[in-house]
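In what follows, one protein chain appears twice in different forms, each by itself as structure tokens: structure 1 and structure 2.
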Structure 1
Amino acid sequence: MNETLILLIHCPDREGLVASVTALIRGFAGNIVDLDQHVDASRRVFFMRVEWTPRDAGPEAVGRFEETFAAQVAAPYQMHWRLERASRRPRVAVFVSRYGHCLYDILARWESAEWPIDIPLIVSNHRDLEAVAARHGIRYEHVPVTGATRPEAEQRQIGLLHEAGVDLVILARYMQIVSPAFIDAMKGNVINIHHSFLPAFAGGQPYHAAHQRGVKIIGATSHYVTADLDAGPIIAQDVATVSHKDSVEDMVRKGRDLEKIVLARAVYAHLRHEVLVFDNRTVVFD
């Protein structure tokens, strides 16, 4: 199959943007296979994702395209942009604590080749899921974290990520806060999942608190991690209805199902280079 390149752009909105981008791709004998765009009218910002197959996808040819695009299109239009190869297999590390439902789902999507990724590393502050990693032949690193040892533990984690050449970290119900230094080390490529009760039902037993309050919907949110804890750009969300008939155990089961699915949607969109972040919000092309 021909190599596919993906160009992601955002810039101030003005006339001629689409024509300028597509004309340059055509000038390099590229065939556009998918194009999506959006204009935020209130902020006058243009967003675009274009997927295309070049006649020559070799490093030199792609390098020439990048140089020409930067000079002739990106600079005049004040574009923020990046070019990705669809064939590149990202290296993913999964961080877990004691809950395994999201980890099992990730491993199933990886083993079934639904996700074209490599998972060289699982990191945890507990040993509960070590046997799961062993069954899948994945390196498992136990890095205990306490208030006193957090800086040293995080430095070890960052070292492990660099050693394994990790591109993306998935916090699969990892019940620890990560620092700005950790996020910077991963260039912001850290995705988290949590229940949508935050901040209304924060704490260690959100489903118990929500059950006591008599909520009628529960949900899950997956987002990029920023220094502002759970306030990072949201990638995916979903909800499920509950009623007075549901016990706490029913709500936990429904909530965990949502967490798995919402996290998977967010990660898949990231892997397909369908997400653009601007001003702590996301544009998710589909």
Structure 2
Amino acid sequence: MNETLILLIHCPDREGLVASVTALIRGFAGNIVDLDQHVDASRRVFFMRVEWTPRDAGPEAVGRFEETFAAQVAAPYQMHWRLERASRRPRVAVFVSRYGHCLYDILARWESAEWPIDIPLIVSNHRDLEAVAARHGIRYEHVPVTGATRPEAEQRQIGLLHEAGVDLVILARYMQIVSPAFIDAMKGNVINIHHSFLPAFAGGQPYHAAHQRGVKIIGATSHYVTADLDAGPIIAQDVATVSHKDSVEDMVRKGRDLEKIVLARAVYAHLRHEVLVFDNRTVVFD
């Protein structure tokens, strides 16, 4: 299989952006296999994702492309950009608490090669899922967290993540707040699953709140984690119907299926480099 390169861009909207980018790729003998662009008309911001197979995918050729792009295209248009290689295998850490359904689902996708990732590390504030990690041969670190010990606990977590060379942290129903320092250490590459249709029922106990309100639809939301709890940029959401017959426990059960699927969709889009964040919202080129 040929290597493909993926370029993600956002910048102030101007004439000639698509033509400039595609001309340069063409100049480097690249064959575009996918191009998606979007203009946020109200904010006058341009977003683009372009994927191509270069004739030469060696580090030198790609380095030269990057230099030329930076100088001739990115700088004059004030672009924020990054270039990704489709072949690079991300290293992912999963953070869990006591609920296993999202972890089981992630491990199944990893083991069956649905996701081309490595999982060097599972971190939890409890020991409940240690055996699950063990049987997959994945390191499991039990890092208890209390309000008082959070700073030290996070320092230990950040150390573990750096040591394991982790690119992405998945909070798989981790149920703990993470600090801005933690998010910074991961350069924002922290994805959470919230068990409600945000912004409805933010905070804890969303199924209880949904039951109390008598809604007819419940949801789940996967988002990048930001300092503002439950308010990060949304990557994926989905819903399921409920009725008066559903107790809180039924909602929790139906919600589990939503949560694992929505989290998986968000992670997959991230792994494919399909997500751009701007002004606390995502552009998902799927």
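Numbering runs along the sequence of structure 1, starting at 1. Each form is matched to the other, and the largest set of C-alpha atoms that superpose within 1.5 Å is called the rigid core. Quantities reported herein were computed from a predicted structural model and do not represent experimental measurements.
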**Request:** Eyeball the pair and call it: which is the form predicted alone?
**Result:** 1
**Message:** Superposing on the rigid core, I want to see if S179 changes position between structure 1 and structure 2 - specifically a Cα shift of 2 Å or more.
**Reply:** no
**Asked** So with the core overlaid, does the Cα of Q205 end up 2 Å or more away between structure 1 and structure 2?
**Response** yes
